[in-house]
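In the block that follows, a single chain appears as structure tokens, in the form predicted alone.
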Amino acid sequence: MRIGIDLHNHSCLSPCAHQNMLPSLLALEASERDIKILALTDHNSGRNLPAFAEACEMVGMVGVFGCEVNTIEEVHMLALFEDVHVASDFCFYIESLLPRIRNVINIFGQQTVVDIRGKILEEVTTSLYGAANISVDQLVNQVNNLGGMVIPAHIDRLANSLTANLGFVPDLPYAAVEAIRVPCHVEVHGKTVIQGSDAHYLEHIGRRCCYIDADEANYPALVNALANSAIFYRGS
């Protein structure tokens, strides 16, 4: 069975995302686009993961939980976990590593925490745009030690990527690497290349999903497919 996956998406918690990107709508829209395994990866925070987990359960989707970490090198890396509680704890840790800069809503945007119904629970006042005090290699080690996966985000983008900021992709134990375009003309040391939507608006959901073949949609099947480069892209 071919299963749609999308491991890079934002909610209204990310200051650059539209406020209609409620976790519940993310799950619902992705389900309607035939995505079966979906991740929520807000910038440097996981405060909307509980609502997202509840939404995924309601629509019968496999949720993957984490955040898009902005490392000290200003490189964006996806930290992903199977368990929402482990993910939430790790994301709070990442938040604690951010500089204490107050968010300016009219410049950067709102950072809204909501429940499953979209009710606002709080507004995060510390800017989530900053660089966390953790390096790329430290992040990889810590997430892997917790049983999670690290996927460098948009490695072929000209900003906030390994290639843009470091000039190359270090050969570290990533679960995969994410590219905007495939084939990806970047040296990835044999790592699996995936695509993710990096959705900040409802119309972005599913725009760059990819696929795995498995008997059932679940987290172990995802891990196995990434480890074996068993990824299919649209049109393949």
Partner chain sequence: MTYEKLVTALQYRLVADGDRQAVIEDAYAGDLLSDVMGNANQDSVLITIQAHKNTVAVASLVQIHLIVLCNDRKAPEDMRTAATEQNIAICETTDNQFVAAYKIARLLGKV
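Computed from a prediction, not measured in an experiment: that's the story for all the values here. Numbering follows the first chain given and starts at 1.
Keep in mind that the form predicted together with the partner chain is missing from the display, and what follows is about it.
- Listed stretches are 186 to 194, 29 to 37, 166 to 174, 54 to 62; the contact stretch with the partner chain in the predicted bound form is 166 to 174, by a heavy atom cutoff of 4.5 Å.
- In the predicted bound form, none of the heavy atoms of residue 83 sits within 4.5 Å of a heavy atom of the partner chain.
- Using a 4.5 angstroms limit between non-hydrogen atoms, residue 101 is distant from the partner chain in the predicted bound form.
- Taking the partner from the other structure, the partner chain in the predicted bound form has no heavy atom within 4.5 Å of any heavy atom of residue 120.
- Heavy atoms of residue 105 never reach within 4.5 Å of the partner chain in the predicted bound form, leaving it off the interface.
- Contacts between 86 to 125 and the partner chain, taken as any heavy atom within 4.5 Å in the predicted bound form, involve no residue at all.
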